[in-house]
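First, one chain by itself: the form predicted on its own, in structure tokens.
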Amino acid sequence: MSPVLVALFLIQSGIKKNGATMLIKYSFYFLAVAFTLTCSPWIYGQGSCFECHDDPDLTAVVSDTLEISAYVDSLIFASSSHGEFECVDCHVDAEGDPHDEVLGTVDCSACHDDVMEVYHASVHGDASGPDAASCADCHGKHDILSASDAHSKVYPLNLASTCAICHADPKIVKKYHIPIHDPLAAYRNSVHGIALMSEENFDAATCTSCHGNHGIYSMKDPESPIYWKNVPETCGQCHGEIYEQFTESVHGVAVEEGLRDAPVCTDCHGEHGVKSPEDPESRVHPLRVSAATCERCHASEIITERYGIAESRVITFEESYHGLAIKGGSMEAANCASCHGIHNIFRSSDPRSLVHVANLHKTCGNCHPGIDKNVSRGAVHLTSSTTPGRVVKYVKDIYILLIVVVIGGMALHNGADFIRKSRRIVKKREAGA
């Protein structure tokens, strides 16, 4: 509370004790409030600055072609996180009255040296040029508020829009070759963005949850939380149980070994536009997971050849009953994840695998109750190399022979009939002539 307000309150109390009238009492309240609002800058040592800078029309000439506003709202500043400081605490070169028209950049490290050290090592602090994000770009200038304040630029609900000032600007994206063109649009429609902005669930991931705050690094930097090898751990901050399953899986082990082709969370779920598995547009929706996600690696000739992975797994699935049912829109039909698992995928030779020979009848039994262990005697992805004997080849040859005979015989019959009818028509015409 303002010292002047306290003093006037004590005077009012004395007047009241001496039997002052109600008129004097309410006049006091009016004068006290008016005096505090108009004079508070001077009370806190800012009076000389706001004599000029409280003028909305005040400007400063930076160059021959650039003139900027030098207006500072005293009330907004007084309510900011720095409201109790004096102007010269930050603007150390503001000497004299009047001072130089253009002041130097404020050095936040005078108070926040630990934060500034991290910032200077980040992708923003290391960048050169006027477009690099500074403290003021994210936190504001004279209107800096605590991150817990709903009006702060770094409040969880406002954070994505703050980052988007640069990251959704086409000119900046093009100039600095930023790979993601409009992360804000994708984030707003994602499961994280919807949970945060619509439900105000502050446990939902925001930009800083994945990228960091002052220590943001390039995705190519091994220190970055979004460096491909660190992605599972970053996501694991919220999805701990899934992270534990993934690290033990065949994919997680491959990531730990440094195999870049191994999928991490973002390869399957996406980055800024992560959607619920129940969303038809999600990459891991039951009707899309096989074709949109698993296919990217398991139908790749380069990857299957490089790591000795069985080929033709995707195409044989798509031609199977399950695959055809999924193409027909069946939500009940088994997809890749139904049989192999989601985050807990293991090699088929691993006893923990859902498709291990000892577990296959149980896995199939999830959809087909009562199925016995004989199911493991047959191959799932039917190819000439996985089918015992030459049964499939014989059946295929017979079908081809039947097709040739039936279709060929039909063609010969229709052709002969066409010729016979044509000759009959010609003879009738000749007889009529």
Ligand code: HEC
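Superpose the two forms; the largest set of C-alphas matching within 1.5 Å is the rigid core. Just count from 1 along the sequence shown to find any residue number. Since the model is a prediction, treat every value here as computed from it, not as a measurement.
One more form of this protein, predicted together with heme C, exists but is not displayed; see below.
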Heavy atom within 4.5 Å of heme C in the predicted bound form, from candidates Ile309, Ala121, Leu75, Leu157, belongs to Ile309
If we test each of His112, Arg352, Lys327, His151 for a heavy atom within 4.5 Å of heme C in the predicted bound form, the one that passes is His112
- Non-hydrogen atom within 4.5 angstroms of heme C in the predicted bound form for each of Val106, Asp261 and Arg347: yes
### Message
Residue-level question: is Pro179 within 4.5 Å of heme C in the predicted bound form, judged on heavy atoms?
### Response
yes
**Message:** Taking heme C as it sits in the predicted bound form, is Glu223 near enough to touch it, meaning that at least one heavy atom pair lies within 4.5 angstroms?
**Reply:** no
Open item on the list: Taking heme C as it sits in the predicted bound form, is Glu86 in contact with it (heavy atom to heavy atom, 4.5 Å or less)?
Closed with: yes
- prompt: Glu319: heavy atom within 4.5 Å of heme C in the predicted bound form?
  reply: no
Applying a 4.5 angstroms cut-off on non-hydrogen atoms, the residues of 208 to 243 near heme C in the predicted bound form are Thr208, Ser209, Cys210, His211, Asn213, His214, Ile216, Tyr217, Ser218, Met219, Ile226, Val231, Pro232, Thr234, Cys235, Gln237, Cys238, His239, Ile242, Tyr243
Does Val375 move its CA by 2 angstroms or more between this form and the one not shown when the core is aligned? yes
Taking the shown form as reference, the Cα pair Ala127 and Arg260 shifts by 3 Å or more in the predicted bound form and sits farther
The CA atoms of Asp169 and Ala127 move 3 Å or more in the predicted bound form, ending up farther
